[in-house]
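The chain below stands alone, shown as structure tokens; this is the form predicted on its own.
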Amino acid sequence: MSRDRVVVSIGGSILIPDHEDSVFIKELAQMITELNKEVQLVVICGGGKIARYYTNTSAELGASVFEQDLLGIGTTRLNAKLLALALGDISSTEIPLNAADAANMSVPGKVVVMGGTEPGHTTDAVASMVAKEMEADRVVNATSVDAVYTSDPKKDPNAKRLGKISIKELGELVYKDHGAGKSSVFDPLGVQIAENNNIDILVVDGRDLADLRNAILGKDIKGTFVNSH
């Protein structure tokens, strides 16, 4: 019986919140180790607070947007290395630098961990690119919000939580208020790639390991299921 192929995009602020980081990373790694027996996994790590520090500081020093992006990508790969260390033997020994390499390295029983790839591509977009390359069943977005909302729940008290939506509806949401590339829910390019390749997206609170587990396994979740079919 073939295993489901799943790509997980985990936000840097989830992985490295700057509070007992090693404790959470160990718990996450333990869960991934257990799930590795049931699904074929690739995990993409975001940059979070550390990436923002480097991009902001480099901008103040006169760096171009391209150079800022390169620093941000570097921090995503450092975060990926931390998770790979915690996973030990089941992790890929090297961090792939592009989606094609990640897909080629992905085999049952091994977890590929990576960060960003090139300037202009967020780790959400990279997750969709990897999912396309490896013909994955779904992308799980482990983020700092617990679901998709009609607008930013941190700014709009009337924002409505959405339990199940179509990929087209998600596309409309990420472009509506934020403009391309500025949504905190999922990157517009990532949505487009998922829609074109019939890849479902599941959005969950990355710190809720029970919901993250269910999302990876394709079970019912408390977060948002985005249907691409």
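Residue positions are given as counts along the sequence shown, with the first one as 1. Worth saying up front: this structure is predicted, and the values here are computed from it rather than measured.
What follows is about the form predicted together with a small molecule, which we do not show.
Heavy atoms within 4.5 Å of the small molecule in the predicted complex belong, among the stretches 45-53, 167-175, 22-30, 191-199, to residues of 45-53.
Of the residues given (M105, L83, A147, I73), I73 alone sits with a heavy atom within 4.5 Å of the small molecule in the predicted complex. In terms of contact with the small molecule in the predicted complex, the residue from E135, E118, E94, D156 that brings a heavy atom within 4.5 Å is E118. For the three residues D69, T123 and V126, a heavy atom within 4.5 Å of the small molecule turns up in the predicted complex in every case.
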